[in-house]
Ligand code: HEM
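Given next, in structure tokens, is a single chain: the form predicted on its own.
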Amino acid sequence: MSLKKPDNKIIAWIKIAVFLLALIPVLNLGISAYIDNLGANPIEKLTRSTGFWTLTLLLISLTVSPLRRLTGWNWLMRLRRMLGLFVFFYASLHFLTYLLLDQFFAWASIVNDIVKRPYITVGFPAFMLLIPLAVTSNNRMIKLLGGKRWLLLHRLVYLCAVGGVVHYWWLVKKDLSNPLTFALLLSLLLGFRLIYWLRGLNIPLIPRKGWQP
């Protein structure tokens, strides 16, 4: 089997494997909740875990395009939509944990948090930006919007990623190792995209003698 051009059956099995792997975190949380093993602060455990996996899957989904360019494995693009929907799934669980379990629809308190807590001020719009991306993730919406508009809209995912990393960084008070790791990985992915953007404009990465922008 060639990894560059696997047949449809192999791709189908890969998609099933990715789907099952992406479900493992929420299944673990569900089992832990059922056996009362979420720790002394179960709401915080649920909030942090769903947030962590939202960012993890978001960065994995953003890795698809660079990996395809580097390897020539075009079939990887067939995994990106599913990964993106799992990002929205975990982000929704993260938000609903805060909305239902932490605040219990206390709208005044929620608005106060959005205004006064910087990590929520950044995190809330980052989640809201994911909604149109999830809604327009199907082929019908691509046709309705047109390819160029759809691509422009889905570039908002980078704003979501930046907002998510900043949200996590400002939330964590002591051990910054995880937020720092996410920030470094996102910086690499954005740098890779910048390189290809500059190449598309025919701008040399190392200016040649006599070159002018």
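Throughout, we count residues from 1 along the sequence that is shown. Because the structure is a prediction, the values reported are computed rather than measured.
What comes next is about the form predicted together with the named molecule, which is not displayed.
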Contacting member of L83, I120, L133, I142, with respect to the named molecule in the predicted bound form [4.5 Å, heavy atom]: I120
Contact segment among 28-36, 143-151, 64-72, 162-170, judged by heavy atoms lying within 4.5 Å of the named molecule in the predicted bound form: 162-170
Exercise: F52 in contact with the named molecule in the predicted bound form, heavy atom 4.5 Å: yes
4.5 Å heavy atom contact, Y98 to the named molecule in the predicted bound form: yes
Proximity of F127 to the named molecule in the predicted bound form, heavy atoms at 4.5 Å: yes
